[in-house]
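Take a look at this single chain, the form predicted alone, given in structure tokens.
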């Protein structure tokens, strides 16, 4: 596997030098300053690429080229934004960058209710608490008719949780959910958020699935001519939020759009953490079924309970059988190499990490501090090395 680290650009508290010292060879990055829907110019791509190369690293994966909300809703200027998207992909390919991670999550990207949950060992973790999310939806956002989507027990539990919150807690929860986490290209003020949700009121899950399929079908000629590997990232968390469906959460979801768009350039970012939040997702079975189109790996683990709450776990702990997943990835690489595939080595990054040690005293991007990810990469490297000697 190609060991990689995500880097958010020159303003990232984790420098390229830090990443190189962690042992990573590749950088996963994006041009976050370019507004959603606009074309990434060749000069801008090359400038970012040169900055990374100067540090002794390679820009191997784009994460991500965001998809404009008009494309997800298939209205407004979606045709213009689709055309711009294809031009960006062509420009990336001309610069030698052909692996693009993206997602199709409406309104919000990956979402947590707590960004610095204290753990017993003194470190902090990203966490998602169901009552906190429901309390925000019902009593802070005051989404119209939201109460109709919850049972009496769920409503009362959320109300009880909301009563425990002080004003600072409310502000912190609001910021955690809608201000925009690292990698999420858009954040919202509370006053805007309901309007963004309303725009999806007329769409059900099948509608959103169809919009994803139509978008990918439109992209396929560009992908195949430029040899761009599009790798969709699963929903995080993998279930509906604020009454809006999500369409890349389960094994069935993958089957729907891979069957509809069978080109191998329509690929997958296999995130063990996102899929692993759902106990009904058999990670190994999902990986095995779609192994040939998995072109990017996010290895992380979560610890979940029976209520839907979860937190980020250390990479070799929690509910993900990381041994089996790393072994499956290495076996797929061996299979590709044996069959003559040029792209047999799969880029991998440790996804998220606990804030720990010196990073507890620093301002860091939630989930993307240096030391927690360094620990994760070291653990994964050791596991992969040991497994590879048995294959």
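These numbers were taken from a predicted model, which means no experiment stands behind them. Positions refer to the first chain, counted from 1.
Another form exists, predicted together with D-mannose (DNO); not displayed. Remarks below refer to it.
Contact annotation for the candidate site: 18, 58 and 373 all lie away from D-mannose (DNO) in the predicted bound form (no heavy atom within 4.5 Å). Listed stretches are 168-176, 95-103, 219-227, 253-261; the contact stretch with D-mannose (DNO) in the predicted bound form is 95-103, by a heavy atom cutoff of 4.5 Å. The partner is absent here; in the predicted bound form, the one residue of 72, 134, 246, 298 having a heavy atom within 4.5 Å of D-mannose (DNO) is 298. Note on contacts: among 128, 275, 265, 110, the single residue with a heavy atom within 4.5 Å of D-mannose (DNO) in the predicted bound form is 110.
The closest heavy atom approach of residue 349 to D-mannose (DNO) in the predicted bound form falls within 4.5 Å.
D-mannose (DNO) is not shown here, and in the predicted bound form it never comes within 4.5 Å of any heavy atom of residue 29. In the predicted bound form, no heavy atom of residue 355 sits within 4.5 Å of D-mannose (DNO). With contact defined as any non-hydrogen atom lying within 4.5 angstroms of D-mannose (DNO) in the predicted bound form, 6 is the only contacting residue in 1-21.
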